[in-house]
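In the form predicted on its own, a lone chain appears below as structure tokens.
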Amino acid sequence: MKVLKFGGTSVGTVESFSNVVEIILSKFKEDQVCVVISAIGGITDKLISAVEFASAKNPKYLEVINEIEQIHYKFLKELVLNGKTNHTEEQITALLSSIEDKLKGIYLIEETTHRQSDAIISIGEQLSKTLLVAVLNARGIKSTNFEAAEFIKTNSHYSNAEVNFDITNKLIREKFRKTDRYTIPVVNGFTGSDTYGYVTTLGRSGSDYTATIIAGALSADSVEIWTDVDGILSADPRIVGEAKIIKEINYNDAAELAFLGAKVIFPKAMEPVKAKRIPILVLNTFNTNFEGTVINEKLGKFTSEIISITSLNNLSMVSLGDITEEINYSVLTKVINKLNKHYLPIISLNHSLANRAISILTYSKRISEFIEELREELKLELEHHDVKKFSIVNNISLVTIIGNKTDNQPETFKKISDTVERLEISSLTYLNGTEGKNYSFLMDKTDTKDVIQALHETFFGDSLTANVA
């Protein structure tokens, strides 16, 4: 069995949705398949905006629902040409009615919770799944609507739920046991449910995660992640037009690329298949003849001394200094607890007992609320001068060169420093690399593009370039 996952850009237009159907049919001829689908491109953002409008008591949320309705009816009409759409229209109407009911409740009380938000946002995937099942059935292919919340069981950490694999794997095997070779199950990505039956969402790369969860439970032959680029690249193609294809990469390197900003499957989403050595193929919906990138347990073959250049933008550095030695760990605990409360990941942490200082690099999103609460949490320490320095620097970027070898560190670092020096970039802060082969530095966000382009030219020059849809 192959598990095929299609992202929002892959089904973002009627034409691309139709192309996805052709890909599914071609794969179905070769092997048994399960399809995991994301919401139509842009729908999740619309649902998020509808929640925001409703919680602000802005009736504009009704306009957003109407937009979503028109988009899906248009897709249905143009994709199902035999006109037999009444049942599917009823299903879409019912889903949209459930959204409206939930939003009306939020509108009346002017407040929303993560649980309510998950219940609404996840309906985008249910809508696209309903469409795909209708289109496949109209093409004469037996297709079944599988609801992910029935068999992907999680905790109640809404918006970024953790999967209970003991229960989930058992339920998936039971659900799929009765599916024959000539039926295509279609699953809504990004979605699970907790022990109380409430809908949860799986966070970043959630639909990819759904695909690998199913693949791992069923010991599938492979997972195919269909997206809008030719595979994993040597740099962000929006920055470097000549970005190169990485044809093969191992799970660990792919995970590091993803964490450090590359457009790759998020590390969490690789875990269910990594243990079973199930390969993940990253493929381009708009360039189906290209072989893409394979993620597996092998080391990969790289001709360059580096694998890729990544960047994380919109970051903030929070620094505390001159901390009284006796409360150093106490202060660190308070900082980490507040980060967790605001769902702010620690990208880099420097805790120095000798210098009596703590510095944490994290995302700028929600940073103002975090800082406000942290100042209140440390109010006594600041008043008593047990913490004398408290500062924050915003609008910074982390650029990382993912190295390939550990035996030529000095030469690689010299190339990096010489390239950056030519650009006359100031205020660089180098961070320690991992495994002795990676190189990271912080810099002003405004200079990031120039630095990445220059570094890419230094290390890659001319070789195979990517096709970006």
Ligand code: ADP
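The first residue of the sequence shown is number 1, and the count goes up from there. As the structure is a computational prediction, the values presented were derived from the model and not from experiment.
Beyond what is shown, the protein has a form predicted in complex with adenosine-5'-diphosphate (ADP); the following relates to that form.
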### Query
Looking at adenosine-5'-diphosphate (ADP) in the predicted bound form, is some heavy atom of each of W226, V264 and S308 within 4.5 Å of it?
yes
### Message
Which is the contacting stretch out of 162-170, 347-355, 329-337, 237-245, given heavy atoms within 4.5 Å of adenosine-5'-diphosphate (ADP) in the predicted bound form?
### Response
237-245
### Task
Heavy atom within 4.5 Å of adenosine-5'-diphosphate (ADP) in the predicted bound form: which of T458, T9, T448, N19 fits that? Just give me the one.
T9
### Listed residue that, although adenosine-5'-diphosphate (ADP) is not shown, lies within 4.5 Å of it in the predicted bound form (heavy atoms), from L132, L260, I106, L233
L233
### Message
in the predicted bound form, is there a heavy atom of adenosine-5'-diphosphate (ADP) that lies within 4.5 Å of any heavy atom of S397, even though the partner is absent here?
### Response
no
### Task
Check whether S205 has any heavy atom within 4.5 Å of a heavy atom of adenosine-5'-diphosphate (ADP) in the predicted bound form, and answer yes or no.
yes
